[in-house]
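Next up: a single chain in structure tokens, the form predicted on its own.
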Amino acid sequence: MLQLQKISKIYWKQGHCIIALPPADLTVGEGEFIAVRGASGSGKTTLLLIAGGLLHPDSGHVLVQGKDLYQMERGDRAHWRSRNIGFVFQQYHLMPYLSVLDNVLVPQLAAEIGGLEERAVELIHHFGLASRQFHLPFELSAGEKQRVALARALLLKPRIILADEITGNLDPHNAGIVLRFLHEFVDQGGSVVLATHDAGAAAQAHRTLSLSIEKNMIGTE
């Protein structure tokens, strides 16, 4: 479904080369649950952003159906992303002035399609949020916010969920609920790449990619 070949990312700051992601390889197959682990600064979030078509790597290739994602025109890459990738983040990134229902419906605006209200309501009910459908994010618990974010990611029926530290702000009970829904997605043929510091969450994955970096600043420009 998705193949990352020697992808890396660097930044230059004040004459120094900062390694955001050392060269990494990852193949994501259908129905796989993959954990990405590593210390802060090792490049977990950067890897997810590159895999999802949001951040151009400085080296390597991201292959989808034999095509290099970053050789596509920007519009084609955005279209592929909206149809295949669902993002979930630790900080939720919910629109504070939108209800739960409208937050779940946000992806249909980017995809420029309509008629998804019924699916959004179904997802809200499925995630146990029926009584919160018209609430604003500030009225929700952390666990509820993360379930809204997951429902939003699933609206367009993606093939892959890229999840960044999504249990980081949750107590064990709510973390377990979120992980159960990820497993449900995998059981239905979807794939999950989860960046996490949580050893318990990583242990539930089919396999783990470990990122390490000895120095994140080397050389001079």
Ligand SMILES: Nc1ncnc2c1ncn2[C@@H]1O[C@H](COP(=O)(O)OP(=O)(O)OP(=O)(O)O)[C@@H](O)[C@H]1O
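Note that residue numbering follows the sequence shown and begins at 1. This structure is a prediction, so every number in the text was calculated from the model and none was measured.
Form predicted in complex with the named molecule: not shown, discussed below.
For the three marked residues, N169, N174 and I177, no heavy atom of any sits within 4.5 Å of the named molecule in the predicted complex.
This chain lacks the partner; the member of G43, G53, P57, P158 within 4.5 angstroms of the named molecule in the predicted complex by a non-hydrogen atom is G43.
In the predicted complex, none of the heavy atoms of S99 sits within 4.5 Å of a heavy atom of the named molecule.
None of the heavy atoms of R207 is located within 4.5 Å of the named molecule in the predicted complex. Not displayed here, the named molecule is approached by A20 to within 4.5 Å at the level of heavy atoms in the predicted complex.
In the predicted complex, Q133 stays away from the named molecule, with no heavy atom inside 4.5 Å.
Across the options 33-41, 149-157, 179-187, 65-73, residues that bring heavy atoms within 4.5 Å of the named molecule in the predicted complex belong to 33-41. Along 89-110, a single residue, Q90, places a heavy atom within 4.5 Å of the named molecule in the predicted complex.
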